[in-house]
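Okay, so here's just one chain, in structure tokens, the form predicted alone.
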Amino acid sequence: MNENFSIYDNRLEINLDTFWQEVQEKISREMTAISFDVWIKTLEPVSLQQNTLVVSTPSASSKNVVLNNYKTLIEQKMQEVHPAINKLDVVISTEEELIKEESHATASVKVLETPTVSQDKKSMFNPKYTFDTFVVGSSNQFAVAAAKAVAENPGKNYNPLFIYGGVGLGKTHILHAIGNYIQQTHPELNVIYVTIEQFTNDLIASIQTGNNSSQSDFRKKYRTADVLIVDDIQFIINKTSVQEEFFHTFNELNQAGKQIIISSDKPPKEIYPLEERLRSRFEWGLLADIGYPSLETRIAILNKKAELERMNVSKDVITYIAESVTTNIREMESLLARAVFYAGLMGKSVVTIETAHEALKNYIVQQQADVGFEHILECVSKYFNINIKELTSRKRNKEIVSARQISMYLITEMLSMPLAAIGQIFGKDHATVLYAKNKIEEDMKKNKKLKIQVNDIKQMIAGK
């Protein structure tokens, strides 16, 4: 029997708060996190009347949802904590004080002091972002392998490691995974994670202070790192003093054999304007790109997200969302969370495809307007009556080359993809994509027919 309770004369003497916390903990394992937060976490224990637990809820509507959808589950978990408590009653908050007064004679409610627990210094890395929680597919396999190698032997392999890819593809997750792994396996190392914006702000603050001590502290902070992880390095452009400071920081760490890890939305040669001496140093080690995930990988990512967050989602919902967003994992996960939250508000324990359609009906339309490169290729293919495989092949027929260049131009215009990533679609390098983009732009100024063709295809892509 649980030590928090004793039974005598058909009455229970109980620590009500402790009992309810244990019940909530058991319930949380069988509900989505969002549904739990909306419907269960907001319930407040009021009293115990014989074998019935009374809880309060803020409104009549929420009371109905709890009684209609979660009463059986709550009562089941109550009995698991203590068999003698097997019935639930829900009241609205305005009734709470009256219930408390009436039940005072039959329930002794005590508040136990929670012992103070000393906490370690808070890590700068998100504990959810680990290698175990990152879904590996063909689009990111190389980058993850390189990241693991660096995490296992910082300063020994691939220095610097430069990871690049489009927005929302998991670069920050990988950086945090590296940091978490190193802190667990090499706690003696000084690991610093910083965005280039924070690095810039720290530099500005040290300069504005106007004394040598603050500038010395700034340099000591970054130049004594054993592992320096810098996110979003592309924002270093047009910041001459920041580039100068980072150049010297990079040099000092590199010469000392310290590990440097950098992320960007594009490879070094596409970061412009950037000092050539920095560009060359970024390319000293290993460049690892993250491409756009396949449908199978996107489905695996959503399944992993649902598993980690205890989301009860049907398979067709996962597929529906994975097919709707092709170029941004972060947005895809946001859609999933939105659908789960909506289902929770409706008092539904499972997200069905009907619920997802209702929850995302406005947002999916917007997402479809932000098309992926597959849709652009499909529209170009239909317009010129050329097979998609021919568009992405090495065939040099005049018609195919022209359609291919238009495809490259449209992708660069309509999607925020690195040129190198676009080149991979066609088996070309970034220079070829840049040439095609510039050529179509110039030709449209002189060729009215080409301009009409490009505009027609844009209308097709937008579904107009």
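As the structure is a computational prediction, the values presented were derived from the model and not from experiment. One-based numbering along the sequence shown.
Below, we turn to the form predicted in complex with adenosine-5'-diphosphate (ADP), even though it does not appear here.
Of the candidate stretches 147-155, 378-386, 317-325, 166-174, only 166-174 has residues with heavy atoms within 4.5 Å of adenosine-5'-diphosphate (ADP) in the predicted bound form. Using a 4.5 angstroms threshold between heavy atoms, Ile364 stays clear of adenosine-5'-diphosphate (ADP) in the predicted bound form.
The closest non-hydrogen atom of Lys258 lies beyond 4.5 Å of adenosine-5'-diphosphate (ADP) in the predicted bound form.
By the criterion of a heavy atom within 4.5 Å, Arg277 is excluded from the residues contacting adenosine-5'-diphosphate (ADP) in the predicted bound form. In the predicted bound form, at least one heavy atom of Ile301 sits within 4.5 Å of a heavy atom of adenosine-5'-diphosphate (ADP). Contact with adenosine-5'-diphosphate (ADP) in the predicted bound form, defined as a heavy atom within 4.5 Å, holds for exactly one of Phe134, Tyr342, Phe142, Phe247, namely Phe134.
For the options Ile400, Leu67, Leu415, Ala33, the residue carrying a heavy atom within 4.5 angstroms of adenosine-5'-diphosphate (ADP) in the predicted bound form is Ala33. Using a 4.5 Å cut-off on any heavy atom, the residues of 328-355 that reach adenosine-5'-diphosphate (ADP) in the predicted bound form are, in sequence order, Ile329, Arg330, Glu333.
Compared with the form shown here, the C-alpha atoms of Asp316 and Ser28 sit at least 3 Å farther apart in the predicted bound form.
In the predicted bound form, the Cα atoms of Ser28 and Thr352 sit 3 Å or more farther from each other than they do here.
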